[in-house]
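Encoded as structure tokens, the following chain is the form predicted alone, with no partner shown.
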């Protein structure tokens, strides 16, 4: 059977970066094995699931470059792909388990459940220990109460056996006999619980592998018991390492942006985010860090996964973004960065060639678009720097001489119609200050910088000066 993997999010919020990582692994694994990647929407939580969240997740997955073969909107041979549209399938199979004596109606009220839970706690026992009150109720009596409309759930009749399986990431995993009791598979409102519908869908959709986060590991014992009850073959499981913040706690909002759309809104490159997420739990066989996803498809397999928690570091993600940004062609670089600037930024009024030259230079100094405006100030700002170094340079007796000279030169060039101070003109100014004004070393270069840019420090003047519009230069020199 060919490989079939699925990403099955619940549309109860925005797509989490942990979910995006899972989807990425499924996408890569399917592609590496010539298999199918399926999107399934697990929306049985009727109160919290919203279609707008589903739509947002779909858009975010597309932005990430993770296309699926089957799913909502695409169809396929195993639909429908929303669990809310498959409830009759779950009900029928739950009834089958009841008829086979592998599950049973349970009539415990909420008050009774609370009392039994408290009783178990007081005896230092697992909360589920007393939940099997109706396990051995006569089936005919149980059905009579169900037919009468009595509120009930359906519980799986746990065979109370040790469960062992081999996880493709974590190796052999064993669950003790008393880990779970008779757990609920159908709620009183007729909707299935996660562990039941997840098994039914993975079974009926013929999934060969289930890749998901480590936090789902303990769900596996319930799911394997359900597979066994149906005589169905379970897929192979791969539980990926947990994402943690700097405090080594599970990644949450307190650690910063955790949803894909937040990075999308901050104009991160999707290929950078995917590259970084892929390395949080998987390693390149040649220990490379920066690559495009297409480059690693042939290398991607489950032997490179790590069991250890993966530290999510936003600063490192920014570095990855910078590396991918510097891989872009000049035209793509402009297309990427230009829209991130405010509509009234003077960058937009410059020529296409100027924009390309400018960004080719500044791309080495930034990792994210948010950093660009501050760097562009050296080209457009007319407000003098008030740093201590700038004040010191301004106090040197040579600085006013330099400013007086370059002011006259800039005025001359402007009167001649020059739109920028060329490299040649700047070199002439530098040589004049050296030979005629006898100013050299730091007094020359810092003085020139302060006069022409308003700052005592910054990037290479031979690049900056020819990119600075004449109108800005005149304003700085009060012309």
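Predicted, not measured: the structure shown is a model, and the values here were computed from it. Residue numbers count along the first chain shown, from 1.
Unshown form predicted together with glutamic acid (GLU); subsequent notes refer to it.
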property	result
Heavy atom of each of 94, 152 and 185 within 4.5 Å of glutamic acid (GLU) in the model of the complex	no
Heavy atom of residue 194 within 4.5 Å of glutamic acid (GLU) in the model of the complex	yes
In the model of the complex, residue 260 touching glutamic acid (GLU) (heavy atom, 4.5 Å)	no
Contact test in the model of the complex: residue 10 vs glutamic acid (GLU), heavy atoms, 4.5 Å	yes
Residue 145: touches glutamic acid (GLU) in the model of the complex, heavy atom cutoff 4.5 angstroms	no
Residue among 216, 375, 326, 307 with a heavy atom within 4.5 Å of glutamic acid (GLU) in the model of the complex	216
Listed residue (60, 42, 54, 70) with a non-hydrogen atom within 4.5 angstroms of glutamic acid (GLU) in the model of the complex	42
Proximity to glutamic acid (GLU) in the model of the complex (heavy atom, within 4.5 Å), stretch among 106 to 114, 208 to 216, 394 to 402, 367 to 375	208 to 216
